[in-house]
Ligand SMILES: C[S@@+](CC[C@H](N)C(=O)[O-])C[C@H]1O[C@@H](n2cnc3c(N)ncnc32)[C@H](O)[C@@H]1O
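In the block that follows, a single chain appears as structure tokens, in the form predicted alone.
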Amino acid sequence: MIKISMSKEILPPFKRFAFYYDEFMLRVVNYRDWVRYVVKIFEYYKLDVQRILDLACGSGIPSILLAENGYEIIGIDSSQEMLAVFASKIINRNLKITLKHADMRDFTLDKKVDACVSFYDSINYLLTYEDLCRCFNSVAQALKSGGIFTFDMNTVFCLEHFWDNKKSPRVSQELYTIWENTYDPIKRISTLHLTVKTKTGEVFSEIHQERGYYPYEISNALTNAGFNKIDFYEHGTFEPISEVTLRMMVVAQKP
């Protein structure tokens, strides 16, 4: 069994793990299916989408898949390391992608978009209701009239019952890692202590936090930002959510 001593320095999210992120996520996420689902949402709501904002775009896999299908993409992320990984993938590629370093709670765009998407529970990284509202307000300002905002989130049920107080080792080709979660039921915040040891012997630790929000909180924040036609679906489907939904897809339109 591999033992990893905790690094003395605790890094912010994706400071170092950004450069190994794809190695892990490609093993557990079928990005092509996720992107197909988003395109189906555009079709389901009968939208003509040309320009898309990918909010918290990360290392860019969904953005690139969308761009390969002809969409113009604007990618925003607060992690310069993630954006560097993304940028390295599109050098000398004829794709309509623009990258922007910005905080998803407070950003502006030079030109409005037809749709805003956000993948893989990035919105859960907003740890206060005030930050959620700030994000939704920024998105509303970035969208054209009739534009759509769609994003997935881990539910409170998921963070409390599936992430709560679990510790698990995970091994990839380049890394040995320990994923240790704790959950605060009052704040509804799950804290992940991620400790990584590379094959070259480097050890680093990052802390990632996600907050669970109830649908009525999300709906109120979206409504206050000016959205309407707000729907919640079991992720990957057009079925309504339930009390035991683990991941929900939220769809909201701007009048």
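Numbers for residues come from their place in the sequence shown, where the first is 1. Keep in mind that this is a model prediction, so the values were computed, not measured.
Only in words, not in the display: the form predicted together with this ligand, which the text now covers.
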_Non-hydrogen atom contact Tyr37 with this ligand in the model of the complex at 4.5 angstroms_ = no
*Please check if Cys57 has a heavy atom lying within 4.5 Å of any heavy atom of this ligand in the model of the complex.*
yes
*Please check if Tyr71 has a heavy atom lying within 4.5 Å of any heavy atom of this ligand in the model of the complex.*
no
_Met82: touches this ligand in the model of the complex, heavy atom cutoff 4.5 angstroms_ = yes
*Work out which of Met153, Ala115, Leu132, Met104 lies within 4.5 Å of this ligand in the model of the complex, going by heavy atoms.*
Met104
*this ligand isn't shown here, but in the model of the complex, which of 116-124, 137-145, 90-98, 172-180 has heavy atoms within 4.5 Å of it?*
116-124
